[in-house]
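Encoded as structure tokens, the following chain is the form predicted on its own, with no partner shown.
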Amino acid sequence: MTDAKNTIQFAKRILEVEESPTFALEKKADALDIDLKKEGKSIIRFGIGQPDFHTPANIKEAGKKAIDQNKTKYTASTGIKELKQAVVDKFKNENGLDYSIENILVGNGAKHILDDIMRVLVNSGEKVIIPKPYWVSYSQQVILSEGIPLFVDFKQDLKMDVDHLKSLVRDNDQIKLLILNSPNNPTGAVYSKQEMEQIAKICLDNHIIIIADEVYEKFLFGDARHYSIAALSPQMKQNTITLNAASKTYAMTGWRIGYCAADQKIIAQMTKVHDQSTSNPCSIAQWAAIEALQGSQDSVKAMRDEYERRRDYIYQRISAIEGIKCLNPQGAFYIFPDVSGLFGNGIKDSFDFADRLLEEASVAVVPGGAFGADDYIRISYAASLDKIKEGMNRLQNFCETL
């Protein structure tokens, strides 16, 4: 009898796509956690990038109210006009960008919108520039759209090497997009206005559209400032798709609301994708997102202040561990230490380091190789300070054994 599994012919593009390393890490941590809990222990999780705060009460109440008012039907596939107007107002008041609701699309989280963009703009064989270190889904979404990722090297400050960007552009044809993520996941790096102007000029001169991923824009520390690259000039506004979401800013990851602003012609094509795939984002979550954008922002400030307190502590602890080098992140809620000084003794790369750390010290981190930077690991400090303290104790003890 023929084994049915051996007769299935999968699409080539899906066979080239990798499993998300962050979700894979969570699965492994879950499996180990079962045995640890029997011993009264647990894993300290610094892996997945999810706020440990609850959705603010005013936003939850708006969702409950939407249910009570029976706002539970299909909506326009790209979002209700009231939410689009709230997004328009947000871009104008906070980013200096003037749009109409025809320029706005709301989706099931920022990841969904990124997938829309790739489907609409990337033809087979066309190239998308992705600066290292990069969020893991960027490259895989390009591959799903049968495009080719082109990776830009990074400098010691963990930001893209502009000279390498210039050489990539010079030596390659069919470059369609560049993804710019600031504040950055996984590094916490924040691009200055001058750095953005350099990148903007290269893209404008070479007809490369920029995807500006600004999901972490509200979490900035010290003197860091956020600049929207689309606001640099009318030409850049025309040449940029600006992406954001409610997920991180308002601790709404499970509500799945992301949004973008772009040229109306691009939005029209993305709308067709929504019409034929997911249809609308959750109607209840859309009404809650209006309150998130228009209501009190006190919860955002409270989260930012707590993240900064955690960042200060974790940076001080990691910097004191022999064999680890670390920059102090300016934004987001990640720190990205270089652990290559501890390679050896059976550890050859970041994946080995993360595996050993999980198995021997019960601390979950994401290997930097998943982000295109194999000397590093990513630690999320979207965890309580008590957990961070215990996690740092375990990390330090583990490193001292190597």
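Quick note: we count residues from 1 along the sequence shown, nothing fancier. Here the structure is a predicted model, which means the values were calculated and not measured.
Although it is not shown, the form predicted in complex with a small molecule is what the next lines describe.
Although the partner is absent from the chain shown here, none of 151, 187 and 376 has a heavy atom within 4.5 Å of the small molecule in the model of the complex. Remark: of stretches 294-302, 168-176, 107-115, 152-160, the one touching the small molecule in the model of the complex is 107-115 (heavy atom within 4.5 Å).
Contact annotation for residue 181: at least one heavy atom lies within 4.5 Å of the small molecule in the model of the complex. Of the heavy atoms in residue 191, none are within 4.5 Å of the small molecule in the model of the complex. For the chain shown alone, residue 127 is not a contact residue for the small molecule in the model of the complex, no non-hydrogen atom being within 4.5 angstroms.
Remark: residue 256 counts among the residues lining the small molecule in the model of the complex, judged by a heavy atom distance of 4.5 Å or less. Proximity to the small molecule in the model of the complex, taken as a non-hydrogen atom within 4.5 angstroms, holds for one residue of 227, 91, 138, 315, which is 138.
Note on contacts: among 211, 199, 288, 245, the single residue with a heavy atom within 4.5 Å of the small molecule in the model of the complex is 245.
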